[in-house]
Ligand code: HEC
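Coming up is one lone chain in structure tokens, specifically the form predicted alone.
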Amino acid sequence: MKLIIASLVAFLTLLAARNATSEGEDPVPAMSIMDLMVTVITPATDTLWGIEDPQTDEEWQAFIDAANIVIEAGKTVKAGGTGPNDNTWASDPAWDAFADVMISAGIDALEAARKQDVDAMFDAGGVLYPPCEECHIQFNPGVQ
């Protein structure tokens, strides 16, 4: 739960910076994609992939929060970041496709969590995992 709270704080900071641009302008990245992955995306996806058998609304809320983070972080990575390779990666059509799968799987996980459907959560996690791995292989080999 502490990881989710820390991720939410980092994510909200990032979202505020992303939304601080004038209307019609592209969002300005507030951090590197690597920092986003480590502080926001990894804790959220680990939460989604770690589902077992939540029993309470509070336990399910952690999965709702994680899914929302994955959705918004997927939108954010499409804009690039402040890292040395981030804008090159973000301009690659494959990057955009990986981000779209991340967003779509996040939406599926959100719907599943709202319905408190563990099987659908597993399905969403199963869709999310392969493109995450493939993206790492293609854009940042050696990253676990």
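Remember, it's a predicted structure, so these values are computed and weren't measured experimentally. Don't overthink the numbering: it's just position in the shown sequence, from 1.
Another form exists, predicted in complex with the named molecule; not displayed. Remarks below refer to it.
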The named molecule isn't shown here, but in the predicted bound form which of 112, 69, 37, 51 has a heavy atom within 4.5 Å of it? 37
So in the predicted bound form, is the named molecule close enough to residue 62 to count as touching (4.5 Å, heavy atoms)? no
Partner proximity in the predicted bound form: residue 42 to the named molecule, non-hydrogen atom cutoff 4.5 Å: yes
Does residue 99 make contact with the named molecule in the predicted bound form, using a 4.5 Å heavy atom cut-off? yes
Contact test in the predicted bound form: residue 128 vs the named molecule, heavy atoms, 4.5 Å: yes
Any residue of 57-72 with a heavy atom within 4.5 Å of the named molecule in the predicted bound form counts; write them all down in order. none
